[in-house]
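Presented as structure tokens, the chain that follows is alone, the form predicted on its own.
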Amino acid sequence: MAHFEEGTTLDRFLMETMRAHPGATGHLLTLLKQVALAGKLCSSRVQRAGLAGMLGAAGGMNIQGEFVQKLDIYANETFKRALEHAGVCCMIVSEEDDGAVFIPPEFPVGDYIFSMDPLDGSSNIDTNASIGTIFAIHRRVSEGRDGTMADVLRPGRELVCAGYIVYGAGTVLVISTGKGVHGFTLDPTVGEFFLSHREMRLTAATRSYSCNEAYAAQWDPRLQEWLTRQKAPELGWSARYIGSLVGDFHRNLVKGGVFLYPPTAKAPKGKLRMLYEAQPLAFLAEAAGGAASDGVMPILDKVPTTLHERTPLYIGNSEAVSEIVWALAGDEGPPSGQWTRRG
């Protein structure tokens, strides 16, 4: 494995990683470079959103039934424009678009499908809280010019890469191809992402949770009981909730923690989208030694049936996810090292 020194840029990291795989074509490298470019553009716009007149709602709703913010539209278009001409994608799936987006006929196509939540946590834009982009990358299995639903409606374990960009006090790009999770921080003075978080890991245990407890009365009583137990003074658990999935996941990946978004009366099948929110973050969590479940089975084993399918999500340190899954199953607790539900 290549040794990466201080000052390693994202481009160098990707190039040296590709050299370690003699059969690599470089197309995934190109795709990730375009993602980084789009991330830089979005970071710049987020940082000066107030000055650029980008705060507030755009005046419509997306396919999810959510109010669209001005920056939602900007981020969605920026990522699509960055990817459509590079010859690496055959299809793009976005939270903001009803159906799949195909590459315009004037551009060449490639073997990858890019799925994204272009601006997760956009309801936080006007409050200057952390927001970000979440993405998943599949290699196509279909033939022909355009991708098909068969290319994306697949288990998360078939992803070739996943990641996110968080726009907060700094802009951080986190990626994984399944072997290790690495973070790169944008230095705005030189316009480059530099390796800042090597081999990010989620240790087995944690004593921190992230969730919207305002909904707790609507949760499964067994989950309510589990959360009540963690609040016992002798256990020393703490609550850390930002209110954007990408922000909460990033904090937990760096500091340790478990994120919960259970079903509620308003969202009985869960709220988070499987394809471009739950699956990519689950991919990162497992690559970092953590776990992700819908309460019954690992997220990466689930197969979405529609582009915008929703799911409950419990994600973070493996012991906490294991305890939640077993609590929801009505069992006393899992054997050491096992986090999936019995049966």
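Remember, it's a predicted structure, so these values are computed and weren't measured experimentally. Start at 1 with the first residue shown and count on from there.
The next section is about a form of this same protein that is not shown, the form predicted in complex with a small molecule.
Although the partner is absent from this view, G121 contacts the small molecule in the model of the complex, with a non-hydrogen atom inside 4.5 angstroms. Although the partner is absent from this view, T171 stays clear of the small molecule in the model of the complex, with no non-hydrogen atom inside 4.5 angstroms. In the model of the complex, the small molecule lies farther than 4.5 Å from every heavy atom of P108. Among heavy atoms of L202, none comes within 4.5 Å of the small molecule in the model of the complex. Heavy atoms within 4.5 Å of the small molecule in the model of the complex are found in exactly one of 138-146, 159-167, 187-195, 242-250, that being 242-250. For the residues T228, S238, N212, N128, the 4.5 Å heavy atom test against the small molecule in the model of the complex is passed only by N212.
A heavy atom within 4.5 Å of the small molecule in the model of the complex is found for one listed residue only; from L71, V88, V93, L272, this is L272.
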